[in-house]
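Okay, so here's just one chain, in structure tokens, the form predicted on its own.
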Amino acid sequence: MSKKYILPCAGFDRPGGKVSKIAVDIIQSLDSSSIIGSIGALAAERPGEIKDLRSSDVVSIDGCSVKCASKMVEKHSAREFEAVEVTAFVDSTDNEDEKARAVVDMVQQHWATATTAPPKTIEPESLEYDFLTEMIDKFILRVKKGLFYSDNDFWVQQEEDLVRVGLTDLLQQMISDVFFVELTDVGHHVEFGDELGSFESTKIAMEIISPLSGTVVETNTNLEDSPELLNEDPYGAGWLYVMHPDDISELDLLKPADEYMTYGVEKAKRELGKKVSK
């Protein structure tokens, strides 16, 4: 992640809060591109603030042992982040400016380490054996093998007498960053093509279209606090529902992975061509 996001303590009437305020002022003077977050904006769940948090390398600065900043980051993002606690410098000095400088040094050290750390790599077997992939300009289309796919870009995985449903990599790339998901209740029955909830992204609000007829037996409640999982892991942790299908033969109405790849490549060229060529 290229963006840098700092969430400081909001208790600026207290010593630790004053130190965190001085620290973020110094950080922003050194790097004007860094984003200074707001606990109040996160508490109000402002979409822009949540988007910045979830798309950045995050450092929280806690003014005391209550750790309000860190708790707010944990509530709104599943990503790992660096936490700095001002009280760790209590014994080192009584000077608030010196404490702030120590905080700045820790933040800069974290970013330097994050920048120079070797990039994470995808294991060859995951790419070669589990997925079909196609490069379209700068866009990589990933289609997981062994699943069934609808023309609406949702996938179905058979699990004995149940099915698991999610959205495809193609769809998550077309809609951009998801910040809100509303799922229908367990026990809800739908017909093929019915609405199964909705989600909102920075680009569009969209209905979830059921690729099968059946009854919902489980929902992915993790998406309530971490809707970004739809973008980060659409074939894994970002699944939507587990359903009991009315008729498993409806899978024959869907596309296997190789057919969906052909369909997805043409759709990607139409829908993403201008976007990926910029």
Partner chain sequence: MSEGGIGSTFMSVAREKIPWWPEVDNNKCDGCAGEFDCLKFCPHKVYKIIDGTLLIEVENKYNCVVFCRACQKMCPKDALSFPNKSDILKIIKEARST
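Positions refer to the first chain, counted from 1. Everything quoted here is computed from the prediction, not taken from an experiment.
In what follows, reference is made to the form predicted together with the partner chain, a form of this protein that is not presented.
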With the partner left out of view, is L253 within 4.5 angstroms of the partner chain in the predicted complex by any non-hydrogen atom? yes
In the predicted complex, is there a heavy atom of the partner chain that lies within 4.5 Å of any heavy atom of M206, even though the partner is absent here? yes
Would N152 count as touching the partner chain in the predicted complex under a 4.5 Å heavy atom rule? yes
Contact between F192 and the partner chain in the predicted complex at 4.5 Å, heavy atoms? yes
In the predicted complex, which of 173-181, 160-168, 102-110, 79-87 comes within 4.5 Å of the partner chain (heavy atoms)? 173-181
